[in-house]
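Two versions of one and the same chain are coming, encoded as structure tokens; call them structure 1 and structure 2.
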Structure 1
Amino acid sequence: MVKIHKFVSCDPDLCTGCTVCEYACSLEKDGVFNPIRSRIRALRVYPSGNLAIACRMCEDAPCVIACPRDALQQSEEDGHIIVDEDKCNGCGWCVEACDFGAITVGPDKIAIVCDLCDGEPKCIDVCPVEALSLQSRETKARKSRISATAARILADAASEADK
């Protein structure tokens, strides 16, 4: 049976870049309000807007494969990345391997990555504009196809109206 990995997804049309998600994450995970310790990153994508990025729970996660010390493992249950702090030396190979920029090395020189807060991510709970949600790759792809189709239909309708 194929397990569906869910991840924290951000709607860039809603995200304001407020960084409340980063503060909530660092408080939940490390007991401090410090975005450097956050497992989610709020990014300003100039000039188009804002976006928050967290681990995508990739199948055959490149960060796990890249780790020369076998400090990273992927949970078979939900796909989150498990960091063995005794093995991790903060070399950053996992950071380089992540296509999404979702894993970092923290101030303690240990890799930090979203673990989904046992299935109830705090960042989703605190997002003031509900830009964050828990989605699967399949759901995200389906929504993208629907949006692209709707945009094409609207463009065709506008083109017909101009004739």
Structure 2
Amino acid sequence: MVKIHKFVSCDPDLCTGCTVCEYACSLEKDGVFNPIRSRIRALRVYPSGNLAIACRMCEDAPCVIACPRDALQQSEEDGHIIVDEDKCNGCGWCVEACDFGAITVGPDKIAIVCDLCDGEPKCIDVCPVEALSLQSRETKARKSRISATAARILADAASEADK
């Protein structure tokens, strides 16, 4: 059976860039507030592009492959990246390997990455605008197909009306 992994996904139309997810994550993991301890990071591209990014739970995750000390492995169950804190020395090859900037090296010099909070991510709980949700690639793609189709139908209807 093919296992379809879910990850914390952010809807850019809803995201306000408030970074509450970062606060909740660093509080949950380390009991303090500090964005560099957060496993999800929000950003704003001026004037109003907002998005929060966490680990995508890639198959054959590039970070795992890149790690020279075999400190990273991927959970077979939900696809999250497991960091062996004894092996990790914070070298940062994983950071370079990730296209999403989703894995970083925290202030304790250990790689940090979303672990889905045992299936109930705290960031999703606190997001004030419900921009965050658990999605798989399959559900994301399906939603994109639906909105593309809906847009097509709308455009057709509009051109019909114009006639």
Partner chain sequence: MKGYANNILYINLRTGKTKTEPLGEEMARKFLGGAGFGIKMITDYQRPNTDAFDPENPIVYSCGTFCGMMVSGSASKWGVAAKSPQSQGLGESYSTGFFGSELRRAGYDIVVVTGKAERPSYLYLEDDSVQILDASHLWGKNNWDTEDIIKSDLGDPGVRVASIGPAGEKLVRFSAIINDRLRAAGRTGMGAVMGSKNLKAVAVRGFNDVEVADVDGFKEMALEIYEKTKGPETEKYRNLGTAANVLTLNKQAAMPTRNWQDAVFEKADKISGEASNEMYVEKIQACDSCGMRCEHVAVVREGPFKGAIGRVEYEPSYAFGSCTGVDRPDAIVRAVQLCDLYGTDALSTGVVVAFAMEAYEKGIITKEDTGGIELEFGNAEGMCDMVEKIALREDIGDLLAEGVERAAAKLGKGSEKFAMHIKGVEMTGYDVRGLKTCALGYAVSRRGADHQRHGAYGPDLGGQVDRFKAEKGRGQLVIDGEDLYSVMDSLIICKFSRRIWDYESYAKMYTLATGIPMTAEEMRRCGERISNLGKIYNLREGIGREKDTLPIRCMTDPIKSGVAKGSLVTQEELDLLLDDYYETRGWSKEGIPSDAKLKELGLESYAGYLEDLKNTDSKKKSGKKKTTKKTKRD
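For clarity, a rigid core is taken as the largest C-alpha set superposing within 1.5 Å between two forms. Fair warning: this is a prediction, and the values are worked out from it, not measured in the lab. FYI, numbering is relative to structure 1, first residue = 1.
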Exercise for review: Choose between structure 1 and structure 2: indicate the form predicted alone.
Suggested key: 1
Check your understanding: Once you lay the two forms on top of each other by their rigid core, how far has the C-alpha of Arg152 moved between structure 1 and structure 2, in Å?
Key -> 3.9
Practice item. Quote the shift of the Cα of Ser48 between structure 1 and structure 2 to one decimal place in Å, the two forms being superposed on the rigid core. Key: 4.7
